[in-house]
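You are given structure tokens for the same protein chain in two forms, set apart as structure 1 and structure 2.
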Structure 1
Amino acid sequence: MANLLRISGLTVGYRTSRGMVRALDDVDLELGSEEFLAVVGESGCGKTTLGLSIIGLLPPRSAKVTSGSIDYKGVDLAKLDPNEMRRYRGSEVAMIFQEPLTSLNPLVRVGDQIAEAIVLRRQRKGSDQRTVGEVMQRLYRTDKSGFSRWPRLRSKIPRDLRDQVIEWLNLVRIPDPGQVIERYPFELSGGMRQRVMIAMALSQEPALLVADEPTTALDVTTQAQVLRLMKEIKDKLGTSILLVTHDLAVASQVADRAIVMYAGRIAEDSNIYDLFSSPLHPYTQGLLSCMPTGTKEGSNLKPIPGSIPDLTLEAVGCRFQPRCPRAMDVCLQKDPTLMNVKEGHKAACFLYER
């Protein structure tokens, strides 16, 4: 499988009043074309920071990529300036955020927002000479001072754009899209809003889709529908997907491969079957022991003791050592590197050092 994305030695820090928080520490990752990769781990392990680093949306005042590279089709995204990054964001790498209600404009109909995204994609590819402003003027009342804050009673999306908007909404299985495009985000359910966000991201025709916990705020039934939809889209459009989630059960349903992160580093990297059938890292084993089995006998959950380390402090030895039931003396002295234990299965643990 050809690599679409290769991350090497990526280190990202956040400036805080308590010092620099090293959210990512020397992360190496590869993502193949048309691959579905899940990044899992506890809250605060660096999953979202990884996704934001790829698409270039880290907060500029507090976050900094201190070292490493993000190679996407031969281009290092970490070294691009903001103007250069706009050429890749959306049209090459798109992102679905955790809470769509805070990502969609509450004063603009969903159809208009998707139409604007399509116009931006056309401009990048040189197939539409109209500016976004020229198209969006049809969607709002205007006066001599420019745009009014109040939209028209009905959307005025140009017919060519309207057909494309409906086509994308049909793709994400939104019923009666002709009516939905006239609605505002708050008039839709959580599942429909998330589908609108997926449609908006896919309308850019990206090669890589980063999904940051897209099912967290959804009920179980809607969650399953959205996950199935993402899997179908990956197979139909050939889009690579990087799914950020803290839920191993979610990863098991859709991912081809999973990466387990802990305290800003990768603990284990494996295909999804081996990760669940024969987990290698004690942290992964601990996460799986926290999952309910659905049976009464022997179904007691075994939580991982302790908590994640303070990332403002310099790490000495293995970061999981204080919580690890199989810790050894070497774990106090050295930081393990990610090593090949068997074909397609890596773990950062001294238990497998030869």
Structure 2
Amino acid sequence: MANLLRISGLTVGYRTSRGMVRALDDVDLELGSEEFLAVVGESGCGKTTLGLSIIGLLPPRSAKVTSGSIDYKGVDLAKLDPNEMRRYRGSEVAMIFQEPLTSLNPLVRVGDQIAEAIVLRRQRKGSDQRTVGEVMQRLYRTDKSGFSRWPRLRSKIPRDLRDQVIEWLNLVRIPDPGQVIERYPFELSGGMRQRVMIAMALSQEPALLVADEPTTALDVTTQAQVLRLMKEIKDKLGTSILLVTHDLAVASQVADRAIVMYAGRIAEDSNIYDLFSSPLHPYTQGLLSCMPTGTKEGSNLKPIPGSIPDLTLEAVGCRFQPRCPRAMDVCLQKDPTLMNVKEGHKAACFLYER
């Protein structure tokens, strides 16, 4: 698998009133083309920050990349200027955000938004040079009902494009797509907005898709459908996918490989089978025994004691040490780095130091 993305020593902080929050601390990660990588870990461990760094959308005023590089096909994204970054974002990567409402334009009908994204995509690929304005007619119109209501911005979408939009909405199981394309984002439920976002991202046929908790707000049948769709797109177009999720079960179902994050660090990086059959890091082992399996009479459900550390404080020793059932003296003094334990399986833990 050729490398698509290589992140080295990435450190990202957020400025807050309490001081600098170290959301990512010296993260090393490689992603192959056509790879399906899951990023798992508990709330606040830095999953979204990692995704935003890759797509170049860290909040510019509060976030700061203090060191490290993000090498994408030989270009260091951390050093691109905003214009180059925009071009990269438009043509190579797409992101599905954790909060869909913030990423849809509230004033434009969802059908128009998806159509526009598809036109832009064709333009960038060079398959159709026409601009959005040439393909779609922008009109101000009042509604037919006769009452003079708010003038609404509407586009006239050509038939073939409209069919494509409807097909994407069908693929993400939006009921009544022909009617939904006429609606504005606020007229959709949260789950529907999420699926519109997914359709829009997938319609971009990106080389790399960053999906941040794309199915957390959906119910299980829709979740199954959306995950299957992502997998199909990956197989068909050779897209690499970075799926952020806090659900290990979801990761086990779709990913080739997973990284487990803890407090801004990668604790374990492994192919998905080894992660479940022989988890190395005590945190991963802890997460696995937090999964409810079996029944209340016979189950080995074991919560991890304690809570996550304050990320504004400098870490001394291993970040997981205060909660770790297997901590040793060295864990108090030194900070473990991610090391190869066996082929395709890395962990940051002194238990595996040779």
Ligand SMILES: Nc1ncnc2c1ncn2[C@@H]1O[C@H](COP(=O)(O)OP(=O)(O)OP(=O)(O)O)[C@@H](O)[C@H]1O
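Quick note, the numbers are simply positions in structure 1, starting from 1. Note that the structure is a prediction, hence the values are computed from the model and not measured. Between two forms, the rigid core is the largest collection of C-alphas that superpose within 1.5 Å.
*Asks:* Deciding between structure 1 and structure 2, tell me which is the form predicted together with this ligand.
*Replies:* Answer 2, the form predicted together with this ligand.
*Asks:* Look at the chain as two rigid parts and give the angle between structures 1 and 2 through which the smaller one rotates, in °.
*Replies:* Here the smaller part turns by 19 degrees.
*Asks:* Using the rigid core as the frame, report the C-alpha movement of Gly191 between structures 1 and 2, one decimal, in Å.
*Replies:* Taking the core as reference, the C-alpha of Gly191 is shifted 5.2 Å.
*Asks:* How many angstrom apart are the two C-alpha positions of Glu205 between structures 1 and 2, if you fit on the rigid core?
*Replies:* After core superposition, the C-alpha of Glu205 moves 2.8 Å between structures 1 and 2.
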